[in-house]
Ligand SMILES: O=C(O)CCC(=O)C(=O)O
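The form predicted alone is given below as one chain in structure tokens.
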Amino acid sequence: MLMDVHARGRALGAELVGLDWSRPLTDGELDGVGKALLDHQVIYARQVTLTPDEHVRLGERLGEVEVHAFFPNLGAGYERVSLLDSEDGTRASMWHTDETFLERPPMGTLLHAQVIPPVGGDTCFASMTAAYAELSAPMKRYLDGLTAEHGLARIAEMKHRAGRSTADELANAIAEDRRCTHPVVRTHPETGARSLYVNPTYTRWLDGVPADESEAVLRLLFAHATHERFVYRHRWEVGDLVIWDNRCTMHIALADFDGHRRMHRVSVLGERPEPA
């Protein structure tokens, strides 16, 4: 059976129909999935049944599967399958690009829905390629060549500022911080397209820019990139498999639900981001 690709969003997002996920994909089918991902940045299929082993094997066909820096996982033998379970307090309710504090952030993530609340819990994705393309020419010139500092401890800093952590917890997070500098505008290694590469969760500042200016510019970029014309909203069903290109998107899991939301997550490491 041939795979059909149906666009579901203006700037990004597409549904894959016709693949038999109960068996390993052929090389040709995998190539088709890869092309759809490059074309649409976020792709999904409904009613997919994957064991944790099958989930990892699918990720391995795309590249090197990582053990996530801080999410819990399924345990011994399944360290590469992260567990996002609302009952354990594991949520990602801020806009972010996965693990940009790493030298080699993930190139893509495969998220498989296990339990979905009756209402809410959608995930929104923003195309950082489309967002960059619609910046003004002066802003593009301003950003050209800039780098930004990304750090894992920024999460702890925001929690502490909101009164949700102790001083000791903040100090420990800073001591164990993982951080890296990346270009503010990166070039996609496969498409050659330029995209913004900053996010509210991990980006701390623009290097070499006064603090107030850095904060103002980042705030502007975040607001611009999450405008509705650049966003696809995924309404989950049990069994959904969603794959996104982490090199050119941001996402947020909306915390607008009661009840249980449980996901299995596999991420594939990418290359160090290259400047535009």
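These figures come from a predicted structure and were not determined experimentally. Numbers for residues come from their place in the sequence shown, where the first is 1.
Missing here is the form predicted together with the named molecule; even so, the following discussion is about that form.
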Please check if Arg247 has a heavy atom lying within 4.5 Å of any heavy atom of the named molecule in the model of the complex.
no
With the partner left out of view, is Tyr44 within 4.5 angstroms of the named molecule in the model of the complex by any non-hydrogen atom?
no
If you check in the model of the complex, is Phe71 within 4.5 Å of the named molecule, heavy atoms only?
yes
Taking the shortest heavy atom distance, is His96 within 4.5 Å of the named molecule in the model of the complex?
yes
Which residue, Ala193, Leu83, Leu111, Val185, has a heavy atom that falls within 4.5 Å of the named molecule in the model of the complex?
Leu111
Answer option from Met263, Val268, Ala14, Leu19, heavy atom within 4.5 Å of the named molecule in the model of the complex:
Met263
In the model of the complex, segment of 236-244, 213-221, 32-40, 56-64 with a heavy atom within 4.5 Å of the named molecule:
236-244
